[in-house]
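Let's start with one chain on its own, the form predicted on its own, as structure tokens.
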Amino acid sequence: MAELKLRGVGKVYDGGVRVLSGIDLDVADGEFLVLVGPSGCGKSTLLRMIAGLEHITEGTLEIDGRVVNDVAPKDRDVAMVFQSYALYPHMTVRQNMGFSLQIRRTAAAEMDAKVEEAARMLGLSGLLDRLPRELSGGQRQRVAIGRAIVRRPRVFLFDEPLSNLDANLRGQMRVELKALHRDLGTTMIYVTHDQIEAMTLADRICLLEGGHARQVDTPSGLYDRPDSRFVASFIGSPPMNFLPLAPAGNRLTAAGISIPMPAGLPSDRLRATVDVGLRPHELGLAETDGGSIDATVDLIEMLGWDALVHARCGDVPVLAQIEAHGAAGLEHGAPIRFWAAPGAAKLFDHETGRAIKGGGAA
């Protein structure tokens, strides 16, 4: 296992194209850290820099106290699992999993023992003599992971390994990866654009945007205490509602909307419009003292136990997640009143997007 430290890490390609800037990040020994963010934010580039597949333009990367900026990938003792599986089509599962040991001239008996141990962990014992074309997508990904496991590296790196799988397989593989981390106890760094993967797998998450680390925290920390509107909008599914409201006494209001000022946040601290964030599950049809939103129904999505109600308050879209029976009978164009859960509102500066701290706010 290993701990990593990144200090001021940046990446600039030839021609001055900057991809990453000033990344400061500590990864604890045995931690499962997820790098998440929208496409083009630099997360895969950062992972490849840790692996040694991309040159670090600025800053330093330490693994167990040793600066490895100029250390070759093969000497960093890391293993990377790619999105594309990268299996040799002419080799069996056994040969694919043992290939890295073979080129290191590992004794045959030791190599077989390590391959069989990894196969047992991953449920591949009955597939060792098959070729990749005879496997499902999920089985191929297990082989790619097994190939990394047999090396027993200090750090596992995963670059969107589940993105080629269907939704059911992704869910199953998330469970298996979490169990694998528990069993191995090895440091793992995982890249995804899927915030559900990030929330379910991570001990901590580093959320990137535009080449910057916007917030590093536990999944619950990002969800409950976002530092900015971007973080609040990216983490959580369905995404958070944002309502532009103005202070009026001890309330925040707009046409058809009235939300109590969050506790501990005097109205004299707010002199202009703020963005009030409310998650869809924090809106319901039962009256509360959390404030109300008068809207018009646009669309109902029935999802089984619950339903998503898409509505509009003037020009502002509002999304509520309610129990399905509460949505029965709602039609396009019908008036509806949502009630916010008390203390649910999170406030963000309308211009900068930064969280406004205080009481029930972020």
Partner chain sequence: MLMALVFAALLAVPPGVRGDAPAPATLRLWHSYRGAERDAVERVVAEFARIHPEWPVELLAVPYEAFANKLTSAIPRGNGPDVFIAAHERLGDWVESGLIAGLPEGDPWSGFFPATVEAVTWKGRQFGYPLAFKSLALFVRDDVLGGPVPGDTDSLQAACRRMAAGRPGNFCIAWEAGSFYHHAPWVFGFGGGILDKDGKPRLDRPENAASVAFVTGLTKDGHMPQEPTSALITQLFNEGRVAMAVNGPWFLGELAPGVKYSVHPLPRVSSTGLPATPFLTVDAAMVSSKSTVPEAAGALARFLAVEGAAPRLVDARQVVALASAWDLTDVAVDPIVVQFREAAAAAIPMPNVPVMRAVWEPASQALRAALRGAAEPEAAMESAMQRIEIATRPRPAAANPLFALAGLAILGIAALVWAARRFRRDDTWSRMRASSHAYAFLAPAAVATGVLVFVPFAVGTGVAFFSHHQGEFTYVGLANFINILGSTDYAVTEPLSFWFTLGVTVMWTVVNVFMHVSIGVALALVLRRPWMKLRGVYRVLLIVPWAVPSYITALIWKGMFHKQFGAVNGLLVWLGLEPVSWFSHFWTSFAANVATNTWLGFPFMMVVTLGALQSIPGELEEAAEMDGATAVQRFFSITLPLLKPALLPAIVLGGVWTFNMFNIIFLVSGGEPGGSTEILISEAYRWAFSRQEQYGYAAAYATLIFLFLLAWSLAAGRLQRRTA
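No experiment lies behind these values; they were computed from the predicted model shown. Residue numbers count along the first chain shown, from 1.
What comes next is about the form predicted in complex with its partner chain, which does not appear here.
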When you measure heavy atoms, are R48, H90 and S100 every one within 4.5 angstroms of its partner chain in the predicted complex?
yes
Partner-facing stretch of 223-231, 145-153, 248-256, 280-288, counted where any non-hydrogen atom is within 4.5 angstroms of its partner chain in the predicted complex
145-153
Taking heavy atoms only, is M302 within 4.5 angstroms of its partner chain in the predicted complex?
no
If you check in the predicted complex, is S125 within 4.5 Å of its partner chain, heavy atoms only?
no
I'd like to know whether A86 contacts its partner chain in the predicted complex, with contact meaning heavy atoms within 4.5 angstroms.
yes
Is P73 part of the interface with its partner chain in the predicted complex - any heavy atom within 4.5 Å?
yes
Checked A213, V115, V191, M80 for heavy atoms within 4.5 Å of its partner chain in the predicted complex; positive is M80
Just to be sure I understand the contacts: of A328, A334, A28, L53, which is the one whose heavy atoms reach within 4.5 angstroms of its partner chain in the predicted complex?
L53
